[in-house]
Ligand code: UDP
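Quick setup: one chain, the form predicted alone, written in structure tokens, and binding and motion questions come after.
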């Protein structure tokens, strides 16, 4: 039996690693799996853990108000080291591109523990977009022993950087596993969907999220003005779970609060958020994960960013980059609302990010690759 420690700290990481934890625990003769959370996002992390019925073995509870990246990185390194010493795992698993991802991988490297990187190989080629995520994932790739790439393009990026081919596995994205799991649980009644009091017959829901650092300032305000203009349409309701970061929440409330056809919500647990995704007409977001989740539910996604580390969706046509420009946001969203052919074109395309079986492939790969440790 091999001992695996998963380290994560944010809602997106939990969403994408909890299905893997569950899958690995279906093989108790092969794997002993422990979960360490940093709580880089506290409340939103807890909601995701609850949706997948995963309880952490170690909760470091490191989140502080107005924490800087340097301070958070240092505290994660210091707090994770005693956990690694106590557990002595054979492998540390991290996911994606957060500060917890990089710090967790680095802490494992310092103790000479191999690292597996889930969702490896995503690249924009620009260290400033997204910031600091692009640097986090590039550095994590240099540390990792095994790389679970969601797509062939991600695997090719790793090969170009010199990663050994035999250490790369194309698996699909575990985020697709997660959204399918929750969708099916909502459909079956295993998870209860909220009763949304603002639902109105005949109105299209536009689901919006925004939190990227590179949009803070004028770009963020421009995007919010675009949402406000869309909300002036009588056939639309903007539903926006607002991120708690003051640099996102401040402009969102200043520009959108009190407008007819706008519903501002607190950050949502994952299951209600999936319910909103399956109910909405389209999604406006700067999130990375939603670029994968939306197409899994047949929803077109307009991405309020200039660049994306997930170009497969753009090339396939399930996703379109609109930046933070209010005129383009209004024009492209309006096109999807008014042009049935364009809407159908974006929603009938095969999802390039996976089939819901990524976690099974990762478990199989780990079962075979442990023999080389």
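Keep in mind it's a predicted model, so treat the numbers as computed, not measured. Positions refer to the first chain, counted from 1.
Same protein, other form: the form predicted in complex with this ligand, not shown, and the subject of what follows.
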property	result
Interface membership of residue 293, this ligand in the predicted complex, 4.5 Å heavy atom rule	yes
Any non-hydrogen atom of residue 106 within 4.5 angstroms of this ligand in the predicted complex	no
Any non-hydrogen atom of residue 277 within 4.5 angstroms of this ligand in the predicted complex	yes
is_contact(residue 233, this ligand) in the predicted complex, heavy atom dist at most 4.5 Å	no
Answer option from 167, 153, 299, 243, heavy atom within 4.5 Å of this ligand in the predicted complex	243
Contact residue in the predicted complex, from 251, 89, 226, 289 (heavy atom within 4.5 Å of this ligand)	289
Partner-proximal stretch of 347 to 355, 8 to 16, 21 to 29, 360 to 368 relative to this ligand in the predicted complex, 4.5 angstroms, heavy atom	8 to 16
In the predicted complex: members of 257 to 273 within 4.5 Å of this ligand, any heavy atom	267, 268, 269, 270, 273
